[in-house]
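This document starts with one chain, in the form predicted on its own, laid out as structure tokens.
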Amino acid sequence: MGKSRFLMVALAIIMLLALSGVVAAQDDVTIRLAGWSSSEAEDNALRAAVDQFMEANPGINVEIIFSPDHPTTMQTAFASGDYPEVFYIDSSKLPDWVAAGVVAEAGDNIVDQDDIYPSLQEVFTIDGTFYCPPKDFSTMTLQYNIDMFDAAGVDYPTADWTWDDLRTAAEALTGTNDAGDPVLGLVTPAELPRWLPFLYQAGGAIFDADGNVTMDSPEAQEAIDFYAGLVNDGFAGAPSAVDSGWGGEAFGNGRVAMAMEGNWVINALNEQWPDINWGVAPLPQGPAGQATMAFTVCYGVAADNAHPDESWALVNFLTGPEGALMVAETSFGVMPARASAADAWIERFGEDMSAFVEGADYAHPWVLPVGFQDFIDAFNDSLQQAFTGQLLPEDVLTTSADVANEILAR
């Protein structure tokens, strides 16, 4: 075999190994993997997966860096110019970090891309460029307390439920518990991502196709009237209205009959409130049909990177078909981002949790353009004031739209 042909064959073998998550390193290298610290069990599951990768890839050492405030830690690292080779990127942070030039393009480095849910690929695609594969994802569903529904004689939620059904049930389920504490039909956090499904269900959006703010649309008004109206009529409220820090706590403590959380609530309820009898259904349909939110994180590879091949090999190991199965078999609620692993997740958590997986077909990404944190803050603050009667629902839209337009003008 000629020298040039030998080199071509060797290069082809190396590329095949890289795409399969196996890289033969000539010298020992160390790559850093940074993310936020979760529960001890989830942290240990990631350590176990990384150990398997290192066992399959002698010569590649992976140092895991956990941080309780990962975005701030990464911003500091970006500023220094010395940042980890692989790191978590929340969907809401991707536009900012891409604009900063710190994220490498995925290109053809990701194996079996067609297996990743299209809605999740879209989350991590900017201007037609796919940047990073999702490590897992969550969708919002409607959780309901079966015992409360039975006691009130209310039929359980179904995929055919509409806004009217939700409102009627919330009214019927509002009252007091045995201790005399108020119980609400539904917990409605004063947060933009909790309201957004209703905007999409009404057929609205924050921006039009040209990037103009459309918070003044009839659809947005219909959505905010419904969401805030539940609170103003006394059938729903923020978690603080029932002495809780978040919706899952309010639901677990029996202070609300329904909640709208992502599949992170599964582990929380099983561990902290194991006696609660609960079920899951899709969020109700609005005038324009079904919609939910997709919350997801990807494994990004550093643009400034001395070991790109090893970094992509790690990412493929953790997010490829086999990695997705590991997520299904070891996760504590989050779902694998690949359709091929959906059945394994459902088998583990139960058919009654399938609404979480099915939401991937009609989920909208939780992601906004660069620099829109002020818009999120303005919306949340004004929605909380609408809950307490200090603002009208329409004021929430005008206030937040003004902030969004100011950001775009800058």
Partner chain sequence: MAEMTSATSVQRPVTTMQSKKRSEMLAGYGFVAPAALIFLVFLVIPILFSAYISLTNWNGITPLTSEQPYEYVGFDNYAQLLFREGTRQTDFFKSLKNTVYYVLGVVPTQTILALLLAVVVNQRWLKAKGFFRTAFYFPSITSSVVISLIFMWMFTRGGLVNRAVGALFPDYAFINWLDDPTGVVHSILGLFGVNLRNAGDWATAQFAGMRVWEWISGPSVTMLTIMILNTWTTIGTMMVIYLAALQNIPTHVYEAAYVDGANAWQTFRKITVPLLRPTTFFVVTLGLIGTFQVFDQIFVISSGGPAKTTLTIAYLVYSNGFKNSAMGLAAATAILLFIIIFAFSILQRRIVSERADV
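Numbering follows the first chain given and starts at 1. Everything numeric in this text was worked out from a predicted model, so none of it was measured.
The same protein has a further form, the form predicted in complex with the partner chain, not shown here; the description that follows concerns it.
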Does Glu122 reach the partner chain in the predicted bound form, with heavy atoms at most 4.5 Å apart? no
At 4.5 Å between heavy atoms, is Tyr131 in contact with the partner chain in the predicted bound form? no
Might Gln385 be said to contact the partner chain in the predicted bound form, defining contact as any heavy atom within 4.5 Å? yes
In the predicted bound form, does Asp90 have a heavy atom within 4.5 Å of the partner chain? no
Work out which of the listed stretches, 221-229, 75-83, 321-329, 278-286, brings a heavy atom within 4.5 angstroms of the partner chain in the predicted bound form. 75-83
Assert contact residue (the partner chain, in the predicted bound form, non-hydrogen atom within 4.5 Å, options Asp108, Asp243, Asp160, Asp114) equals Asp243
Using a 4.5 Å heavy atom cutoff, which residues in 83-114 contact the partner chain in the predicted bound form? It's fine if the answer is none. Tyr83, Lys93, Asp96, Trp97, Ala100, Val102
